[in-house]
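Starting off, we have a lone chain in the form predicted on its own, written out as structure tokens.
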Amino acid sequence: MRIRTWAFFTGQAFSSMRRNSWMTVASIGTVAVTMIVLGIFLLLGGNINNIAGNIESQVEVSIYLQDEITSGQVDDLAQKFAAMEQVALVKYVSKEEALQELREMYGESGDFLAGLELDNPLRNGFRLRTHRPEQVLEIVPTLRSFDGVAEVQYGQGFVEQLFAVTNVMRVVALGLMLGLASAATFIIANTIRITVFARRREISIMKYVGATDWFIRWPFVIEGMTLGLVGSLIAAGLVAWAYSAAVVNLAVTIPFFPLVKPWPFLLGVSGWLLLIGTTIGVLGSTLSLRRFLRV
């Protein structure tokens, strides 16, 4: 279509929004409120996923070595561990280092550790981390088969439960976001349907004089897209402002519960809000016209 035609469609859309200003404001408000709620769930889902990832990233394997192992065997084991494709980090921890870590962990209440340096009961070993947390379960049987390895610990039982809980957290967050997006589509489509219904006589006249379905449809599509975009912009701005303020306040009041840093996290959330809001506006306008036009 020519630029003049698009200019006509756009002019018709904006003219319609001016004539039906109260419905335009209502539609924009509906989009904004719905997208704000959706934005809250997007922020919640992102932070739940971040918390789950942080918890899973702390999962590591502790490998304790036999007392009679030689330094050459230790070096050989280090090379074998590092060569495993699932392993991301290999760290050797001597029993002296392990004892020092215990002292630092218990601090002033670690008096019971005094004198253990003379007869250290701890064992030399390695700590391993995998590229993906769930790979821990894959490598444990292999690690236990190496000569010189006395014991392999990874929090058996707890790790499996941890993965189950974090997976449930992710599924719940995704379900909430999809459910709200569906509700938003329904609400906005019905809001725009009211606008279309109020102009049903105008549509009938245009069809009577020979206007094609798409000639009638395009101004409504542009109108729906504009309403969705404006409402989403308002929602994205308010969500970004509120989240940035929340991150600053929580960093002071609850420092042990860090939220995802605002940027670039908010860019992704805002992008999704604009895309979803605009798409819903277009779909709402298109679906609302179906009863007045030939499909």
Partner chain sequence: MLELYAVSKIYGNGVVALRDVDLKVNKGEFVFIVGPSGAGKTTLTRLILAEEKPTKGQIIVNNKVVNNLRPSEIPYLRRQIGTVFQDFRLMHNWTVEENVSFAMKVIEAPRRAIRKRVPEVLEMVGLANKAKHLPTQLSGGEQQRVALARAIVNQPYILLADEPTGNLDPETAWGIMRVLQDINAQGTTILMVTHAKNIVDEMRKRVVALEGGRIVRDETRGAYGNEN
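Positions refer to the first chain, counted from 1. Every value quoted in this text rests on a predicted model; they were computed, and no experiment measured them.
Quick note: we don't show the form predicted in complex with the partner chain, though the next part is all about it.
Taking the partner from the other structure, the partner chain in the predicted bound form has no heavy atom within 4.5 Å of any heavy atom of V74. The partner chain is not shown here, but in the predicted bound form it comes within 4.5 Å of a heavy atom of M206.
In the predicted bound form, none of the heavy atoms of P141 sits within 4.5 Å of a heavy atom of the partner chain. Residue contact check for F215: one or more of its heavy atoms lie within 4.5 Å of the partner chain in the predicted bound form.
This chain is displayed without the partner chain, yet in the predicted bound form the stretch 197-205 from 197-205, 129-137, 80-88, 221-229 comes within 4.5 Å of it by heavy atoms.
Interface residues of 5-33, taken as those with a heavy atom within 4.5 Å of the partner chain in the predicted bound form (partner not displayed): T5, A7, F8, Q12, R19, N20, in sequence order.
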